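There is one chain below, alone, in structure tokens, taken in the form predicted on its own.
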Amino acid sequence: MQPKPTTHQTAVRRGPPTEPLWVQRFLIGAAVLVLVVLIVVPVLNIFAYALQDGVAAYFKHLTGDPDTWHAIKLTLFVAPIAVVLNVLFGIAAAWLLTRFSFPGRTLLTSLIDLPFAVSPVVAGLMLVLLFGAKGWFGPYLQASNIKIIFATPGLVLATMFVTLPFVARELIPVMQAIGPDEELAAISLGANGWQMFWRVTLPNIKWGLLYGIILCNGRAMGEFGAVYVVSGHIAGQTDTMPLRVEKLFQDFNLPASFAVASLLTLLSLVTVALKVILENWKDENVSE
């Protein structure tokens, strides 16, 4: 009598989907239609409006207005700082949560996910209540002539808060799957902590780290709610690109608004393209 096949064996032997061909085509068509209506058409519409007056006018809208040009430079300044700091935090948090057991570990894991659950506007208000003129640390900051709210440090803090989980959440499952065996072997062979990290840990987590950096950067450049609260919306000083788009739109300067929006969209598309390239590169390396 032959043994009864296990659930895993049954799943492996299962053939291709048995749905009728019209059902498969309907589902594929519905998915493509949703993508076209919600993503492709709006993106093409942004670039069409941005370039409707010609390429020369497009670049004039971006570089000819000092406030817009400052918003572009400020975004490209704030986002990398937030990404670098979140990379450092993400690596440290992933290392702590996957290599050590301690009281409060579950609570710390939940707190890392908190920015996903809290509205960015609430996060910005929280920073104002902490570092504003009438906040908890406001008097001390004013006495020390340190300005956080309505200044660049506030933008960095707000951007860091909303992008905090991305790197850590990418690295935690990767480091759990790898395990500590190779790291313990390196230590037993005489490697110190930094040698173990650079030669063993970092090569093993590089793909997850790159994914986290890409996602974190894309979210940082497009942040609106938290940055809106802490920036004060001061043109030429604390306006980032998303805030500048909103202000130009409210002023009925639609060509300039769509020009800045198209640049922000282009940066997002570059981020998505990098993610796809890295995924393909990873698959090729794994297959080899």
Partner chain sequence: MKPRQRRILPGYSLTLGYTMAVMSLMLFLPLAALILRATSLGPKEFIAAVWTERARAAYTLTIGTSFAAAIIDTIVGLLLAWVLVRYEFPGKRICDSLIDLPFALPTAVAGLVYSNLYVEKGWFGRYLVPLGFQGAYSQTAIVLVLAFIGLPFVVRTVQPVLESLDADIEEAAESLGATRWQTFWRVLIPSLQPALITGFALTFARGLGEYGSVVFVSGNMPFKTEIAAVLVVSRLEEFAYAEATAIALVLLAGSFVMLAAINGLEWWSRRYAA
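Positions refer to the first chain, counted from 1. In this text, all values refer to a predicted model and were calculated from it rather than measured experimentally.
Although it is not shown, the form predicted together with the partner chain is what the next lines describe.
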- Check, residue by residue, if Ala31, Leu88 and Gly222 all come within 4.5 Å of the partner chain in the model of the complex, counting heavy atoms only. yes
- Note on the structure: Partner-free chain; cross-checking the partner chain in the model of the complex, the single residue of Leu184, Ile178, Leu76, Ile81 with a heavy atom within 4.5 Å is Leu184
- Please determine, with the chain shown alone, which of 202-210, 116-124, 139-147, 68-76 has non-hydrogen atoms within 4.5 Å of the partner chain in the model of the complex. 116-124
- Look up in the model of the complex whether Val55 has a non-hydrogen atom within 4.5 angstroms of the partner chain, and give yes or no. no
- With a 4.5 Å heavy atom cut-off, would you call Leu274 a contact of the partner chain in the model of the complex? no
- Task: Determine whether any heavy atom of Lys60 comes within 4.5 Å of a heavy atom of the partner chain in the model of the complex, and answer yes or no.
- Result: no
- Is Leu171 one of the residues lying within 4.5 Å of the partner chain in the model of the complex, judged by heavy atom distances? no
- Query: So which bits of 147-180 sit within 4.5 Å of the partner chain in the model of the complex, heavy atoms only?
  - Reply: Leu157, Met160, Phe161, Leu164, Pro180
